[in-house]
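The chain below stands alone and is given as structure tokens, in the form predicted on its own.
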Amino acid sequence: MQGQMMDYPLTLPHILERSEKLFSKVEVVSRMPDKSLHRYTYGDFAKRAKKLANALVRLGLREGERVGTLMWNHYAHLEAYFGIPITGGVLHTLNLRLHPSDLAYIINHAGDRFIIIDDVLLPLWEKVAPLVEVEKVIVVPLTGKPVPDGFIDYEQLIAPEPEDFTPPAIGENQALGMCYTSGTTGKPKGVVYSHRAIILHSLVSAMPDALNLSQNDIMVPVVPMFHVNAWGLPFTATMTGTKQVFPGPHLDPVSLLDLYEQEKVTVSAGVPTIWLGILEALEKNPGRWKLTPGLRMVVGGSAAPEALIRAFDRHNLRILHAWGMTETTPLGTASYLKSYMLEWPEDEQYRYRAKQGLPVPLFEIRGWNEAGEIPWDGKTMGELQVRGPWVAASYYDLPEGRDKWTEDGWFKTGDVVTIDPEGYMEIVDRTKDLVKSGGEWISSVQLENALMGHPAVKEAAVIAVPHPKWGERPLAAVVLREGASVTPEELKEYLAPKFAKWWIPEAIVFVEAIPRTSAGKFLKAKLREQFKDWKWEA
């Protein structure tokens, strides 16, 4: 017997129509390159997104063709998020922090027909342009300066277009967008998101026990719109009618804190390095900013130290730990406490909040090692495998990537985890970052988070370095807080009560900065290269 429900496709035009009809008076705010604020409403946004759709169709964009965006977080990028997919075209966000040769590879591999770019990024485009074949380049004049010859002015392009647009019949499994992995291992790989995946991801991420986004919130996505669709937040916020505040290119802690205070922000999202900088600014300038009490700060991309969560609580600001990746659209887990855990001792609550959390609805997790599926005992380590309606089933035009999926259809993430009896997942490392010492595994992430709990330590990254006796031993690269001092021996003594003796880093070195990926994560490959010839003391 079949159900008798309407065949109603899960596609993006429904969200755009909803935002225009129900939330036309809600603001969308963008910080411009000169730090002025651009303000308009969802009503304005919806009309301009439809004008963009009309313009792209007039330029000849056909169903399934890719439009690349090389843009910061602001109102015109939001217009592209909707204006491109409602035509049946594919939004392809491009990482402006990549090397020009990597950008060119991604543009060519995706087959981008058009590019929309901020005028402030034209110097970058000059390096990319000779390496790609793109039909038209549309420039958003954020600075107000004339658009150079040879480019299409975004504002002039959409100005004459009608404010209504009738989308074609779009199937929910058609491509909506594309994003490429960062390429830290091999060439970047393309992930293609369907309309269905984005709609389901938006519905679940808005839930109270996920990212908890409502119409009453004011949201700043610090995570770039070119990085996994800013974790899907622009789609989710448009669906819920949340006021969106975009920081533009100004991502330093003071600029962000000023924006949080001015716009009375209630929720924001970014990688741990962003929040480490925010915390440092708050502690250097006590009382300078009057932030919304309980402001929720979603952290993902890499593990947030427990010490960071505790420190923000002291400022009445709340860290919400989440986990995801490009291949998972990205939300997979969120770390909120179950009702009965609120009665638990404070230390135990913090221990759970520092985990990556429970799988959100419709998302499944399991750990796998050489013995098979790991028990949920919180101790046994295995590679995290996931599946769900917004998890990639393959990479774009990359047949050799099939080894990332199991025969029974689970995606192999490369993250090493434990899962405890309550169902909370905790990432202990990436498979490539584990330290194997004397045949036993050591988690670099757990050591890093413990080190960053020391009051003198600003950042720490732990890597495996070859050792003549033990195969590998952990080496910790540490960045100290301004004006702080501590010795390697003191740091080892600090770690001693928390770890087995053989886990303690064999060497601790102090560095000016830890190299980062384009997404703000620690780039351990560079550290491993830097210390590959490290000489251990006899």
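None of these values were measured; they are calculated from a predicted model. One rule holds for the numbers: they count along the sequence shown, beginning at 1. Take the two forms, find the largest set of C-alpha atoms that superpose within 1.5 Å, and that set is the rigid core.
As for the form predicted in complex with adenosine monophosphate (AMP), it is not shown, yet the points below apply to it.
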So, A303, E327 and W441: all three within 4.5 Å of adenosine monophosphate (AMP) in the predicted complex by heavy atoms, or not?
yes
Any idea which of 293-301, 74-82, 122-130, 145-153 reaches within 4.5 Å of adenosine monophosphate (AMP) in the predicted complex, heavy atoms considered?
293-301
Considering R351, K432, H315, K136, which brings a non-hydrogen atom within 4.5 Å of adenosine monophosphate (AMP) in the predicted complex?
K432
Could you check which residue among L308, A104, I427, A464 gets a heavy atom within 4.5 Å of adenosine monophosphate (AMP) in the predicted complex?
I427
Would H321 show up as a contact with adenosine monophosphate (AMP) in the predicted complex if we use heavy atoms at 4.5 Å?
yes
Taking adenosine monophosphate (AMP) as it sits in the predicted complex, is D415 near enough to touch it, meaning that at least one heavy atom pair lies within 4.5 angstroms?
yes
Do T181 and adenosine monophosphate (AMP) come within 4.5 Å of each other in the predicted complex, heavy atoms counted?
yes
Going by a heavy atom distance of 4.5 Å, is Q356 a contact of adenosine monophosphate (AMP) in the predicted complex?
yes
Are there residues in 370-404 with a heavy atom within 4.5 Å of adenosine monophosphate (AMP) in the predicted complex, and which are they, in order?
none
When the two forms are laid on each other by their rigid core, does E27 show a Cα shift of 2 Å or more between this form and the one not shown?
no
Classify E161 as shifted (yes) or not shifted (no) between this form and the one not shown, where shifted means its C-alpha moves by 2 Å or more with the rigid core superposed.
no
Work out the direction of the Cα-Cα change for D433 and D420 in the predicted complex: closer or farther than in this form? It's 3 angstroms or more.
farther
Specify closer or farther for M325 and K432: how their Cα atoms are spaced in the predicted complex versus the shown form, given a shift of 3 angstroms or more.
closer
